[in-house]
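A single chain, nothing else alongside it, follows as structure tokens in the form predicted alone.
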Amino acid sequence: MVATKKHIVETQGVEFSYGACGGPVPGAKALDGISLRIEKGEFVALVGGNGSGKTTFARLLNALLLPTSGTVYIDGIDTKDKERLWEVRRVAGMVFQNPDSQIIGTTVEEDVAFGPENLGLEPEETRRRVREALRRVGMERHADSPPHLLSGGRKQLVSIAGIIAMEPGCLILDEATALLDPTAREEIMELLRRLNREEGITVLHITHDMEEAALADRVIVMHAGRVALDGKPSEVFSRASLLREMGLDIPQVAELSERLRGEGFDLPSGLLDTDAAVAALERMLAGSRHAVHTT
């Protein structure tokens, strides 16, 4: 099967063993036959417990690792093609958990310029992309600031700007909100939604936070190196028992709805949004009152 341009990410029977690369646990299989497709413009959340293979999978998409067997295509490019390595990394931009591991410039502007410069762009084009990327993440007034003096949330915005400046087709975020405070997390999630919905950038958000995962269009659950569940958030989080067996939580609204259903409340499954849950409760209570008045 040949990858098509419609799928910005496609993996075919991908396996990865750290032992094959001289890792600390010879023969340990981190990924075991992963075959999936992510279409251009999707917002996908990838969740799973520690050791499920999430980070390994992300690094394969950016060609930081190569599969032990199987094939990874990024916008139709085989990641094993060494001559197109920079093209793979331009299309699939990676944002890591700790922004300090990604920021190298002495100023914000210099840091964001690093990627475009390595693409061999003309200086004026690099400057244009840097200005535009900083504008899109709301960091233009910090262009001359030393990155190490910024808050964690703003550092992460700088990291994202550096990827945006390379004009990627896909943003891959590996626990990029994990070290941030709630306000900064919300800011990053709002930025990701805007980049996805308004600019069509594909987002793959790897997270432990189920509230964040519920905001995606699609949720992929990994367990023991395999895809355990894959579907819309309402479908995936309706499998609460299975998720708990894998050591995972479900969003708070889904948890509350499940408990209320267990107490006899007639609520639909798959509720993830607070407003939707409140509306469902109001409809149920209104129906109960109507039933009482008509008996």
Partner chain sequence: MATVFMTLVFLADSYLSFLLLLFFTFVVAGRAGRPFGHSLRGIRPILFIALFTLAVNSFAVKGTPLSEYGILCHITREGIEQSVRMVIRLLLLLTGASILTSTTTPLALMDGLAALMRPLRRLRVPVHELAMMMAIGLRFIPVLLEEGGRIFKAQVSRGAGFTSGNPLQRARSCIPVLVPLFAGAFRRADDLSTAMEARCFRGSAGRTRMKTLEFSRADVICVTAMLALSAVLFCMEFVKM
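Residue numbers count along the first chain shown, from 1. Owing to the predicted nature of the structure, the values given are computational and were not obtained by experimental measurement.
Heads up, the form predicted in complex with its partner chain isn't pictured, but that's what we're talking about next.
- Annotation: in the predicted bound form, residues Ile8, Leu36 and Glu42 none come within 4.5 Å of its partner chain through any heavy atom.
- The shortest heavy atom separation between Arg127 and its partner chain in the predicted bound form is within 4.5 Å.
- Under a 4.5 angstroms non-hydrogen atom cutoff, its partner chain in the predicted bound form has Thr106 among its neighbouring residues.
- The closest heavy atom approach of Met139 to its partner chain in the predicted bound form falls outside 4.5 Å.
- Using a 4.5 Å cutoff between non-hydrogen atoms, Gly225 does not count as a contact of its partner chain in the predicted bound form.
- This chain appears without its partner; in the predicted bound form, the one residue of Leu191, Ile77, Met166, Val203 with a heavy atom within 4.5 Å of its partner chain is Met166.
- Counting a residue when any of its non-hydrogen atoms is within 4.5 Å of its partner chain in the predicted bound form, the hits in 142-166 run Pro147, His148, Gly162, Ile163, Met166.
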